[in-house]
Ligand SMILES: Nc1ncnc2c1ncn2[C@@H]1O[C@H](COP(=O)(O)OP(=O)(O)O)[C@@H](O)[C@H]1O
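Shown here is one chain on its own, the form predicted on its own, set out as structure tokens.
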């Protein structure tokens, strides 16, 4: 099996997730390379706390869109939580201060920092940032190398908490308005605009026509058990995972050590196959002898993910 059906699906965002160290960056970078070579204007983003796109593409990539040398149609970007919040404050800080100062007497930075502590703000803006790349920056596809599994699920969960907060917040601020005998309160208008944004983001990322989550794992206990938990937790949100990549398989053992490793991997691979073969596309990738760095070696993985 392979990821070739994604070529026909024309998704706008591909999210790669799973336990740390299973090969999310390698497989997401190889996928981004494939679609760029196919002529689609592609951005690969890493939101991991310790991003490694710079290492795998062997070029310096930071918090601004950076062309990948030697590959047309491909850009990279590494964005950590601090950078997410810095951009959020630039985008929303002036609105927050203007809307709030009528009833809160606080210095600008203190007020904006306080509002930024609301549950789901950071996650909401990260999703907004991804959507903005697709909607406003002209990318055909965003490939997202997400944080390790627990953080990815938190990213998807907290915007719902933020949306619930926005549904109840007007009652609080209406009470403040009545107490202060104000006819208008700009903060209510700001909340309404945030609610609309949150609902737009939620609808986009829940729509399978737009977004695909690709689970990456390895045939070992921790990787498999984490993958199974993630499949179940996604189901609780009404989300399905249709693609799984099983990485680092021993395919051609030529020593006692590799034979033993292959024997260790076999029951985990069978477990995944028996549990999910009927409901998702399972792609197998071998353990490479070489370190996967640079576009030439990424091309080796790309050819296995998208065989011609």
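Residue numbers count along the first chain shown, from 1. Quantities reported herein were computed from a predicted structural model and do not represent experimental measurements.
FYI, the form predicted together with the ligand isn't displayed, but the following is about it.
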> Any chance residue 243 has a heavy atom within 4.5 Å of the ligand in the predicted bound form?
Replying inline: no
> Hey, in the predicted bound form, is residue 295 touching the ligand, heavy atoms inside 4.5 Å?
Replying inline: no
> Any chance residue 247 has a heavy atom within 4.5 Å of the ligand in the predicted bound form?
Replying inline: yes
>> Test of understanding: in the predicted bound form, would residue 20 fall inside 4.5 Å of the ligand by heavy atoms?
In response: yes
>> Only one of these stretches, 247 to 255, 37 to 45, 64 to 72, 261 to 269, has heavy atoms within 4.5 Å of the ligand in the predicted bound form; which one is it?
In response: 247 to 255
> Though the partner is not shown here, which residues of 260 to 290 have a heavy atom within 4.5 Å of the ligand in the predicted bound form?
Replying inline: 285, 286, 287, 288, 290
